[in-house]
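Here's a solo chain for you in structure tokens, the form predicted alone.
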């Protein structure tokens, strides 16, 4: 059992390192768009994407061949140094990276290269296959030492991917392991393998995971409706609860079937409704879907503003369109109103939509 004082939790872990944040900033991150920094075609598109996507993430882990690990790392450094508006406190698009797993031969070089070279531009480091708080503690201390050596004044935040059963079981302690914790993402493919789930899909549902309508009048041979279920509902809900408890942000992860934009939108919306603030994008076509799904609709904002206006000081209850609205309703509506304000500040098209709402 740890006897660390709460006061010590917000002290730098290395002499000269920046002070830890006491609250994680609410920066819109509807789409975390992955790119391979060693792929020239992808790299050429990065400058045009700045300002059009909330987060650009240089991927160093899965999907990068072993022979390309060094090239990807060096490519990410060049991109961060040469791309205006990408990353940092004043960047119009956040810059994240997914480092290699903590047991890999590349991860130490990832951190010791990136932090001194582009630590002032790097907003969040995504750590794969996090098993427990000990993984976050390791990264936390190492980042503090590297930040101090590089003279950084702003701490780099950490994002954990839930990709193992043990990680899901330890999700509470992972979320509370460090003031650096920015959020969590669901890693459905690796998690499915670790759980020995019988699906080969990267995210999304499975036609075999269903419930069937009871037979009518005892006729087991007659037609019966089938309803496909969500394989990830439990895990996402558990992840959302843990993040909300610790004031950090939950995200859906990858949706592998790029062509099936309908199912991707459904999965993203499920995650949004459950409390997630964004998702991963593996292809530019998924950015538009994520931006739309993780932004409240005009109809939702109109209703939320009407409730806020009708509730006055927030006490009591009112009837609006035949429905009772009370203190709990107001809290729900304020979540949407505040999100709309955050998104309108960075998205002119949304600002125009929300500003045009008439009550």
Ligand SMILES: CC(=O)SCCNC(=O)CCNC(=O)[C@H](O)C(C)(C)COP(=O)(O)OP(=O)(O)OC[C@H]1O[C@@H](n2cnc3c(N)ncnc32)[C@H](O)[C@@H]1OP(=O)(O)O
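Residue numbers count along the first chain shown, from 1. Source: prediction; values computed, not measured.
One more form of this protein exists, namely the form predicted in complex with the ligand; it is left out here, but the text below deals with it.
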Considering non-hydrogen atoms and a 4.5 Å limit, which listed residue (323, 331, 65, 45) is close to the ligand in the predicted complex? 45
Between the options 284, 205, 88, 116, which residue brings a heavy atom to within 4.5 Å of the ligand in the predicted complex? 284
23-31, 309-317, 289-297, 55-63: which one contacts the ligand in the predicted complex at 4.5 Å, heavy atom to heavy atom? 55-63
When you measure heavy atoms, are 189, 254 and 280 every one within 4.5 angstroms of the ligand in the predicted complex? yes
How about residue 73 - does it come within 4.5 Å of the ligand in the predicted complex, if we only consider non-hydrogen atoms? no
Taking the ligand as it sits in the predicted complex, is residue 98 near enough to touch it, meaning that at least one heavy atom pair lies within 4.5 angstroms? yes
